[in-house]
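Quick heads-up: it's one chain on its own, the form predicted alone, in C-alpha cells.
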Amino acid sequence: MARVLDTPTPSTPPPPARSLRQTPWVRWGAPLLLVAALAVLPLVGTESFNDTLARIGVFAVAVLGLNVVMGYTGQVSLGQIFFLGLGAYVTAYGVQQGWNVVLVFVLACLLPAVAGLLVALAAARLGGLAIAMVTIALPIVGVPLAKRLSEFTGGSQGLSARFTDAPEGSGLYDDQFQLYLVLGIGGVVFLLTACLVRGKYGRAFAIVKDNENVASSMGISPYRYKVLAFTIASLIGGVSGFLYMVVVQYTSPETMSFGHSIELLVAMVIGGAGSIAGSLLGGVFYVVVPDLTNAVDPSLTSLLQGALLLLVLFLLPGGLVSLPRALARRLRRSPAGRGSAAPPTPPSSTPGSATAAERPQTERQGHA
C-alpha cells in the first residue's frame, strides 16, 4: 500500500505593507509639523536669514507661475518677469496714493491677470516660437514703457513704498512680520496651485501639453486651456510682485529686465519643470546661488551659473526635484542594493519515485 505524504500547502502571502506616506498620522502629522516649524522659524532666525528666506519665497512664487504655463501646459513663456514688475508697480503706486492695502493686493493680482489674458488671447493660437517671440517682447517693451510713464512709475528713479512695518503691540520685528506675510500669502498660492494641477484642470493641461490633437478629440480645447494657464501664471506673477514690494520695498524698470526673465526660466529648469516642489527649489536657486557665486568671484557669476545649469541638465534632466528618485534607482541597480538571490529549491520527491536527474539513468539501465 502506497504511503501518502502530506504535502504542505503554500502559505498565503501577507498583504502588501502600506507605504509610510499612506499612514494617516504621516499624511496629517507631516503638514502640521511643517506649519508649526514655519510658524516658529521667523522668531528664531536672524534678520539676514529672515530676509533671505523671504526673498526665496517671493521668487518661488514667481517660478511657480512660470511652471504653470511652461511646466504643466508646455507653452514657451519668456516674459514672466514682466508680470512680477507690473504687480510691484501697482503695489508701489497704490501705497503711495494711500489706498487700502487689501485693495492694493487685489489690483496687484488682477491687473497682471488682465494683461496676461489679453496677451494670451492674441498669442495662444500661435504656439511654438511665435508665442515665445511675443512673450520676449513683454520685458523688452516694459522697461522703456516704465521709464516713460514717470507720472505713475517714477521713471528711471523707480518707486519706493514702505507699508509692511510690524504692527505696534505685536512684539515682532519688521523682518519677522514681512516673512510671515510671505509665508502666509505664498503658502496659500502654493496650496491653491497644487489643488489646481492635481484636479481636472491639471489633467487637461497635461493632455494639451502631450498632444493637442488628442486633446481636441477628447473635447478639450487647447486654445481655451492655454489661455487659462497663461492667465493664471500672470496672476501668480502679480502676487509675486506684491510680495516683492513687501520684502524689497522698492521697484524700478530694471525689475522687469529681460535678463531677470531668463534667470527665472533657468531657476524653473534647475528646480524641476512641472513640479510644485521644483518651484521651491527654483526659488532657492534664484536667490542663494548668485550670492554664493558672487562670494567666489563676481566676474564669474554668469559662468558658474551656466556651468551649473549644464551639469543639472546632463545629470538630472528632471531638475533637482528628481534627485531622490535618481538616487533610489541607482541604489536598486547597485549590487549592494540587490538582495542576495535565494538558493534554488530542490525538486520535491516522494519515496519510490526517481528525481528528474535520476530518471534518464534508470531508463538507460532498464533498456540495457
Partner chain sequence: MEKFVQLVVDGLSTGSVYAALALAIVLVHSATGLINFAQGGLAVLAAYVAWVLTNQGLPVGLAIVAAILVSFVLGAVVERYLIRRFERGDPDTAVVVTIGLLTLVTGVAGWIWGYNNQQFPSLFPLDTVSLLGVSVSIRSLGTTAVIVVAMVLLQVLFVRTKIGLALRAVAINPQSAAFSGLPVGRLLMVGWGLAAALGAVAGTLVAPQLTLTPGMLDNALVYALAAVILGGLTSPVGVVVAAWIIGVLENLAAVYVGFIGFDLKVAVPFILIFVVLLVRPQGLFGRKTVVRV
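Positions refer to the first chain, counted from 1. Since we're looking at a predicted model, the values are computed, not measured.
Below, we turn to the form predicted in complex with its partner chain, even though it does not appear here.
Student: Among L110, L281 and V284, does every residue place a heavy atom within 4.5 Å of its partner chain in the predicted complex?
Tutor: No, the candidate spot makes no contact with its partner chain.
Student: Contact between S302 and its partner chain in the predicted complex at 4.5 Å, heavy atoms?
Tutor: Yes, contact at 4.5 Å.
Student: Would A122 count as a contact of its partner chain in the predicted complex, using a 4.5 angstroms cut-off between non-hydrogen atoms?
Tutor: Yes, A122 is a contact residue.
Student: Does any part of G306 reach within 4.5 Å of its partner chain in the predicted complex? Heavy atoms only, please.
Tutor: Answer yes; at least one heavy atom of G306 falls within 4.5 Å of its partner chain in the predicted complex.
Student: Report whether the minimum heavy atom distance between L331 and its partner chain in the predicted complex is within 4.5 Å.
Tutor: Heavy-atom contact with its partner chain at 4.5 Å: absent for L331.
Student: Its partner chain isn't shown here, but in the predicted complex which of V227, A137, L181, V95 has a heavy atom within 4.5 Å of it?
Tutor: Flagged contact: A137.
Student: Identify which of V106, V76, I276, I185 has a heavy atom within 4.5 Å of its partner chain in the predicted complex; exactly one of them does.
Tutor: Looking at V106, V76, I276, I185 one by one, just V76 meets the 4.5 Å heavy-atom criterion.
Student: Within 235 to 262, which residues come within 4.5 Å of its partner chain in the predicted complex, counting heavy atoms only?
Tutor: In sequence order, F258, I262 come within 4.5 Å of the partner.
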